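In C-alpha cells, one chain follows: the form predicted on its own.
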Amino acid sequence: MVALSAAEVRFIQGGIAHDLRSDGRGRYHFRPFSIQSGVIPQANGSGRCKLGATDVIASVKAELGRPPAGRPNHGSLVISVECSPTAAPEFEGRGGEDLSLELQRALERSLLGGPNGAGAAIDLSSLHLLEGKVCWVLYIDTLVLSSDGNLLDALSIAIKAALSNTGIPKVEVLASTSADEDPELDVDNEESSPLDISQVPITITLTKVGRHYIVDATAEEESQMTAAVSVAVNRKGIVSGLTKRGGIGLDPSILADMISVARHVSQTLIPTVDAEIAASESRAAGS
C-alpha cells in the first residue's frame, strides 16, 4: 500500500468529502483513458487500456478443445491475470500472486456466467463446433504493466477491447466420424468471424473512503479505503458480477446504493468505452 503522511491523508479525505479530489475530479468521474487494439499480432485478439498511470494488456487465443462436462453444445472461456513484478513493489513474490488470483476470480464472476453458462459475457453456444466433441476455448490472458489503482476496471476495459478485436477462424469438418473417433477438421486462419460482444460488461468499482465512495480510485485513494465494491454492468444496465473487498461490512442499503451509482456511471462510461474501441479498431485497420 502507498505510505502517506497525516497531512496527505487529511488532504485526500477532505477533498473526497467536498467532492473535489486531489486530481480535480469529482467522486464519480473516471480519469482519462486510452484504448489500443491489436497490440499482439500473434493473438486472435488483443487490447490495451491506459487509465491514468494504470496500464494493462489483454489477449485472446482461440484453441480447439472439448466441450465442458454436461454442456456438449458449448465452448468455454479461461481467464488468467499476471501482475508484472515491475508494476509495483508489492507485486514481487507472493503479493503479486495473491493479487493476480483475486483479480482473476473477480473477472470470472463477471464474465463466465452461471454453472450452465447462462449469463456469460459471450454466447458460449456460438463457440461449439461438433456436439460433445469439438468447441472453441477462448484463453483470455491479461497482464498488469503499471499500477496506479483501479486495476479491475482497467482490466475489464482491456478485455472488452480484446474480445472486440478477436476473429474466430473458419472450421470445416472434412469427414464424418464415429462416436469414439476424433473428427478431421480444416482450420482456415485466413478467414475469421467476429464475436458478439454486446453482452460483455465493464466493471465499475466503488471505493469507500470515510463516509463517501468514489469511482476509479488511485493507489493513494485505495490506501485509505475501508471497503470497495466492484460491479460488472453491461450496456443494458444488467449486473453480471459483484465483488467486495475490504475488512468492514456494508449495510444492505449502502450496498444497494453503490450498485445503483455503478449502473448510473455505466450509462456514460460504456458508450465512451465503446466509442474508444471503435476508434481504435479503425486506426488499427488503417495502419
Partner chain sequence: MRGLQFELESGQQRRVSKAQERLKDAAGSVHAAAFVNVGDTIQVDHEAGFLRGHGTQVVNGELLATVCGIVERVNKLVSVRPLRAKYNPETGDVVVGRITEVAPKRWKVDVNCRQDAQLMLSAVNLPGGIQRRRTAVDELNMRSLYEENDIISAEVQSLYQDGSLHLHTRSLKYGKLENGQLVTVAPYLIKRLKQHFHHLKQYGVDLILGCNGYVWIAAPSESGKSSVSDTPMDLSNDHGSEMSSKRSTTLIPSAQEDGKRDLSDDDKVRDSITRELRERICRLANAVRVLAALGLLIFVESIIDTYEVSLSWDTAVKDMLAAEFCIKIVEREAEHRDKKELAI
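Please read all numbers here as calculations on a predicted model, not as lab measurements. Numbering follows the first chain given and starts at 1.
Another form exists, predicted in complex with its partner chain; not displayed. Remarks below refer to it.
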| message | Taking its partner chain as it sits in the predicted complex, is residue 5 near enough to touch it, meaning that at least one heavy atom pair lies within 4.5 angstroms? | response | yes
| Would residue 260 show up as a contact with its partner chain in the predicted complex if we use heavy atoms at 4.5 Å? | no
| request: Using a 4.5 Å heavy atom cut-off, state whether residue 271 contacts its partner chain in the predicted complex. | output: no
| Counting only non-hydrogen atoms and a 4.5 angstroms cut-off, does residue 246 reach its partner chain in the predicted complex? | no
| request: With its partner chain left out here, work out from 250 to 258, 62 to 70, 226 to 234, 47 to 55 which stretch has heavy atoms within 4.5 Å of it in the predicted complex. | output: 47 to 55
| remark: Checked 10 to 24 against its partner chain in the predicted complex; residues with a heavy atom within 4.5 Å, sequence order, are 10, 11, 14, 15, 18, 19, 20, 21, 22, 23, 24
